[in-house]
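Just one chain follows, in the form predicted on its own, and it is written as structure tokens.
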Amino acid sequence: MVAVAVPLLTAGERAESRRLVESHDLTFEDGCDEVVGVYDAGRLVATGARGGYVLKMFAIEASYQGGDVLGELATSLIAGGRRAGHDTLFVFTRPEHAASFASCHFRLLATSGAVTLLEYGPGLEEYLRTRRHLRREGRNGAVVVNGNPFTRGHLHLVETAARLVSTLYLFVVREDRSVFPFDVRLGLAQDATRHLSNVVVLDTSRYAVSAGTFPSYFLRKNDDKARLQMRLDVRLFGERLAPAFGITERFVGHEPYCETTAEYNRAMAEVLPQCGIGLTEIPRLEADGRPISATTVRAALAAGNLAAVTGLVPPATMVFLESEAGRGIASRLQSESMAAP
């Protein structure tokens, strides 16, 4: 048999793919950008899919494993990903399948429990190479924020952490799935912390709290799958990012509202010490007896109450919220709020 991967486009072909995927105790996900398969004598014997820069749902009948079928599926999906503008692609798999993907030129990023994450392309090596000049000597720490938008609570966390270390790396989540775009969130973090000489602001790329390493963060669901993703995300940070910047301490704010973030804090408390990294939880800054959060800020904007935001955000964020771009985001939040059931 000569393995050739072909796109599965029709409802019938997708149903064949679903049956094969589910027969391997995997979950078929609708909405993928592309699904491909390999046929032998008219029967689908292997399938795989791509959603954005993540390859997924690889299922190959047992008698076709170990040959060139996986390579054909991966090659086809990588080509599709590159046509879509992705130079690096991720794949989640079980640890026992990591060697098969390594033979297709995927590199291991991290393993946690029953999940392994690999990537194809320049990815992490290029990310670290282009940020090597940011490495500082001393006792270094890290804070990771989404900053949607950057609040006085974020600033309190950063200022407190910066007093405890030589250099504090402030990672801003790059994934662009928040109402405040990445460029805005990064700029607000830079402006708000400009007075702190030992704070280095940089992006996470796809290597912390991204749709690749931790998709459940953006879906806000909390189940066993999400917990696996959290631990994988934390292990990737602890084993690959932290050593590159000499980071030995990570700082987080106490999370009273969001169960997903609270569970992520628990995952960090469990995994980071295994990587030789300490975790310090800092009490949240309060206003009127309630912890300041970006969620509260967005709720006030959705209610059209810009005045209520004044005490919750640093001057840089307030200036942006009063700008045309900021008013546009507030209008979008108000529209979404009115459309909600």
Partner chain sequence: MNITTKASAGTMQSSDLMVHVEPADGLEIEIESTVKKQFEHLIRARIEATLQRNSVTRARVKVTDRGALDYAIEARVEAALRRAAEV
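These figures come from a predicted structure and were not determined experimentally. Numbering follows the first chain given and starts at 1.
Beyond what is shown, the protein has a form predicted in complex with its partner chain; the following relates to that form.
Novice: For the chain seen here without its partner, which of 227-235, 155-163, 263-271, 126-134 has a heavy atom within 4.5 Å of its partner chain in the predicted complex?
Specialist: Contact criterion met by 126-134 only.
Novice: Would Thr75 count as a contact of its partner chain in the predicted complex, using a 4.5 angstroms cut-off between non-hydrogen atoms?
Specialist: Taking the distances in the predicted complex, the answer for Thr75 is yes, it comes within 4.5 Å of its partner chain.
Novice: I'd like to know whether Phe92 contacts its partner chain in the predicted complex, with contact meaning heavy atoms within 4.5 angstroms.
Specialist: Judged by the heavy-atom cut-off of 4.5 Å, Phe92 is well away from its partner chain in the predicted complex.
Novice: At the 4.5 Å heavy atom threshold, is Ala3 in contact with its partner chain in the predicted complex?
Specialist: Looking in the predicted complex, residue contacts with its partner chain include Ala3, since a heavy atom lies within 4.5 Å.
Novice: Indicate whether its partner chain has at least one heavy atom within 4.5 Å of a heavy atom of Phe106 in the predicted complex.
Specialist: Flag for Phe106 set to yes.
Novice: For a quick test of understanding: in the predicted complex, does each of Pro181, Pro315 and Arg327 have a heavy atom within 4.5 Å of its partner chain?
Specialist: Negative, none of the three is within 4.5 Å.
Novice: Looking at Arg82, His254, His97, Arg139, which has any heavy atom no more than 4.5 Å from its partner chain in the predicted complex?
Specialist: Of the candidates Arg82, His254, His97, Arg139, Arg82 is the one lying within 4.5 Å of its partner chain in the predicted complex.
Novice: To verify the annotation, which of these, Asp40, Asp68, Glu29, Glu281, has a non-hydrogen atom within 4.5 Å of its partner chain in the predicted complex?
Specialist: None of the other options qualify; the answer is Asp68.
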